[in-house]
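What follows is one chain in structure tokens, specifically the form predicted alone.
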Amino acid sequence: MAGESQHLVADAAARIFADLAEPSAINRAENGGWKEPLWRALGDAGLTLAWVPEALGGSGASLADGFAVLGVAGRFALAVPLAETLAAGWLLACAGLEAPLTPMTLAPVRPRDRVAADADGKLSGRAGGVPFAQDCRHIAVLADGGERPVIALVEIKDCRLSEGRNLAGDAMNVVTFDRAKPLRSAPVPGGFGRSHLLLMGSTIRSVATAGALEAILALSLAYARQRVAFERPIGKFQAVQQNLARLAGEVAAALAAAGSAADAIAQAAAFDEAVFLEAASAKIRVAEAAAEGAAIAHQVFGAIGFTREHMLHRFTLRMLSWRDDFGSESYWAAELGRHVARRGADEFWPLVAAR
């Protein structure tokens, strides 16, 4: 039944995206007028607050359902804060806080950034690389508190934003909290910390990136069949076939790693060692696949793939941008190495074989 539920939710999301966020149509759009109808449709379908329990104003969908939606969103190179709103709703729900119906983002998304809550509950600190901050009305924040961390909901207008864009041109801001007063806040449950947010965010990005890789593989295969050079489709040339095979391998690896991490989180009762190993490994492997896959796809398309008129960049630039969110692959490689080193040499093979 769980698998059937995921298919139903993913199919519903795909229909909305196909009607209102088809990549080639969005790429030709001269303004962002398509965003409001899309967001309204997503909200009406209950997808924006899928990870918020019904008692807190959400849809009460499972984590697996939400990950299925994010995979579809990746296949459409979605340029609205759906992933961020889902994650923000999940973060607020972890502290039993009600989520607003408006677009949300969350912070911090960089491992070294810190936000602190003072004795009055007001927030101070700085968070860089916050996705879509200027396009959202609220931000969910994990802040250092006195005895334990605090999760808070803050209005964006109560923060200072610096203008910024990622490689794909999506808003990405530095958010400064200067004794910002939350709308509501609560201490986090026992054991919940910064690493849990980073692991969840990394898995969200891995799932979306794997979806985007699926899309560029389909685009590359179709183009190789259509594009003719020297009186033959370029897909008939051995060099192009080899590149497409390499791309298919990267896509398969990304889907396997991201899917395994999503399943681990969806089925786990807590963010234990298994979740850490799966999520960290997925972020490393999927980020590597994004870099390799983007390069191969652009080789297949040649010069046309680099133009703004062609939609390939909507996928490749977003994938490359997502690599840095919630910890880059180098960050997680170092964390994974430290974890293995702490376990000792005798534990290495059992640790690997158990996965």
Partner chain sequence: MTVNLNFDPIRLPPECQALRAEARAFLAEEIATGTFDPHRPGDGDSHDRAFSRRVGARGWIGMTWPRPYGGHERSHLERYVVTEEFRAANAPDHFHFVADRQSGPILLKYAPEHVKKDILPRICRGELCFAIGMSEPGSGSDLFAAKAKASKVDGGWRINGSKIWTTSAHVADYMLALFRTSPPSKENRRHGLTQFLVDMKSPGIAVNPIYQMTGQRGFNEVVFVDAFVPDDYVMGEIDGAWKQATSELAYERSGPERFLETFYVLVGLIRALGPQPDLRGAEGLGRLVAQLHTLRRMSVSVAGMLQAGKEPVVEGSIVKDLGTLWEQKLPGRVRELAAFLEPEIINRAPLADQLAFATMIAPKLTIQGGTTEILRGIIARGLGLR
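Positions refer to the first chain, counted from 1. Predicted model only: the values in this text are computed from it and were never measured.
Not on display, but discussed next: the form predicted in complex with the partner chain.
S.K.: Just to confirm, with a 4.5 Å cut-off on non-hydrogen atoms, which of P103, G145, G125, G259 contacts the partner chain in the predicted bound form?
M.R.: Residue within 4.5 Å of the partner: G259.
S.K.: To verify the annotation, which of these, V228, L161, L221, L167, has a non-hydrogen atom within 4.5 Å of the partner chain in the predicted bound form?
M.R.: Partner contact (heavy atom, 4.5 Å) among the options: L221.
S.K.: Applying a 4.5 Å heavy atom distance criterion, does L255 contact the partner chain in the predicted bound form?
M.R.: Within the cut-off, so yes.
S.K.: Taking the shortest heavy atom distance, is S185 within 4.5 Å of the partner chain in the predicted bound form?
M.R.: No - in the predicted bound form, heavy atoms of S185 and the partner chain never come within 4.5 Å of each other.
S.K.: Does at least one non-hydrogen atom of E329 fall within 4.5 angstroms of the partner chain in the predicted bound form?
M.R.: Yes, E329 lies within 4.5 Å of the partner chain in the predicted bound form.
S.K.: For D263, is any heavy atom within 4.5 Å of the partner chain in the predicted bound form, or not?
M.R.: D263: yes, in contact with the partner chain in the predicted bound form.
S.K.: I need the one stretch from 39-47, 284-292, 26-34, 53-61 whose residues put non-hydrogen atoms within 4.5 angstroms of the partner chain in the predicted bound form.
M.R.: Partner-contacting stretch among the options: 284-292.
S.K.: Within 244-280, which residues come within 4.5 Å of the partner chain in the predicted bound form, counting heavy atoms only?
M.R.: The stretch 244-280, when checked against the partner chain in the predicted bound form, contributes L244, A245, R246, A248, G249, E250, V251, A252, A253, L255, A256, A257, G259, S260, D263, Q267, L277, E278 at the 4.5 Å heavy-atom cut-off.
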